[in-house]
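As structure tokens, one chain now follows by itself in the form predicted alone.
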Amino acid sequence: MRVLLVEDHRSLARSLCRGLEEEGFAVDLAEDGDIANQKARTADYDVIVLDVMLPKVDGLTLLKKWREDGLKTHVLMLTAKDSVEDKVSGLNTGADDYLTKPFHLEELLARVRALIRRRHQAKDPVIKVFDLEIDTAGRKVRRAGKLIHLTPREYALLELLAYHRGQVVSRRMVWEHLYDEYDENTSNVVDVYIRYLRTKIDKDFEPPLILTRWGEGYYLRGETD
């Protein structure tokens, strides 16, 4: 999944980028309000992590304008202020969640995952597809009860397919949600990762769950397939 991180504190930004990327997220970084505004309006992010105090345009002003203009991306706000009034102000402006600094990386990751589930209206953190179980909270995958090890990128691709179960996911959509703006891989890397997933998810199991619609993309088998 692709995240826009808006944070001007460079050491914190580097730490958060590294933590998110190690969990399989594609991360774009913006260090001021102007850059954040441009990126948020030109890419489809799964979540925006937005600091309140920013150069040029502050986070609350940005968020208010985004919501007025119809931007529906879920936003997790970060702030050094922990008063009830500040939290209420952020939530009333259109934030979906609120995290006060300092915080543990594990909590930020959990909140980002929760917002992604909310985006896809998935209340249960465990997605079940036939005998496949994807634990989106623990990031564990089992098929027929067998634990399957996936790399962060493989897991991110499977989760994307699972959230769109029964619907074709195009190569372009995979690219936009799994790769950041600086990734120089060629488009055939999507086919390579689909092949990796099929080897781990479908080999030696029935029925095959990762299907191809030629000329359109890939999809995870739905109930009626």
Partner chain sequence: MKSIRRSLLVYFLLLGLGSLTAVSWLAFRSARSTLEEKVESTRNLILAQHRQHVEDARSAFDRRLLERARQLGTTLSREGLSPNESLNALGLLGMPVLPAGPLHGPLWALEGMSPWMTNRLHRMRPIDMFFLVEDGAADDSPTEYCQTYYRSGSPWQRSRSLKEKWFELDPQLREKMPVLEERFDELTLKNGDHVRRVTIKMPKTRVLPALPWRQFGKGLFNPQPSNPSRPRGEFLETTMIFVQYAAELRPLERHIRHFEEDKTSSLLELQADTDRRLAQLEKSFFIIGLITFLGLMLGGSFLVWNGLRPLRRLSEAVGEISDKDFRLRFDDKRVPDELKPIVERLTTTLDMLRQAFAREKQATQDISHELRTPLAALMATLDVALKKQRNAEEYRELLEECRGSADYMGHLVERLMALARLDAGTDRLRMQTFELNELGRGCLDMIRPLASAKGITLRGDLDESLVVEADADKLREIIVNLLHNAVEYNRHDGTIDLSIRSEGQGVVLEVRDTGIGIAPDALPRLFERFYRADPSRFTETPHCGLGLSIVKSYVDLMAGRVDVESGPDGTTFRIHLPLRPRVEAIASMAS
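Here the structure is a predicted model, which means the values were calculated and not measured. Numbering follows the first chain given and starts at 1.
Keep in mind that the form predicted together with the partner chain is not shown, yet the notes after this line are about it.
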Open item on the list: Taking any heavy atom pair closer than or equal to 4.5 Å as contact, tell me whether residue 174 reaches the partner chain in the predicted complex.
Closed with: no
Task: 4.5 Å heavy atom contact, residue 166 to the partner chain in the predicted complex - done: no
Open item on the list: Test of understanding: in the predicted complex, would residue 22 fall inside 4.5 Å of the partner chain by heavy atoms?
Closed with: yes
TODO: Give a yes/no on whether residue 109 approaches the partner chain to within 4.5 Å in the predicted complex, heavy atoms considered.
DONE: yes
Open item on the list: Considering non-hydrogen atoms and a 4.5 Å limit, which listed residue (147, 88, 80, 137) is close to the partner chain in the predicted complex?
Closed with: 80
Task: Contact assignment for the partner chain in the predicted complex, among 43, 35, 53, 189, heavy atom within 4.5 Å - done: 53
Open item on the list: Check for me whether the partner chain, as it appears in the predicted complex, comes within 4.5 angstroms of all of 133, 203 and 207 - heavy atoms only.
Closed with: no
Open item on the list: Using a 4.5 Å cut-off on any heavy atom, which residues of 93-124 would contact the partner chain in the predicted complex?
Closed with: 100, 101, 102, 103, 104, 105, 106, 109
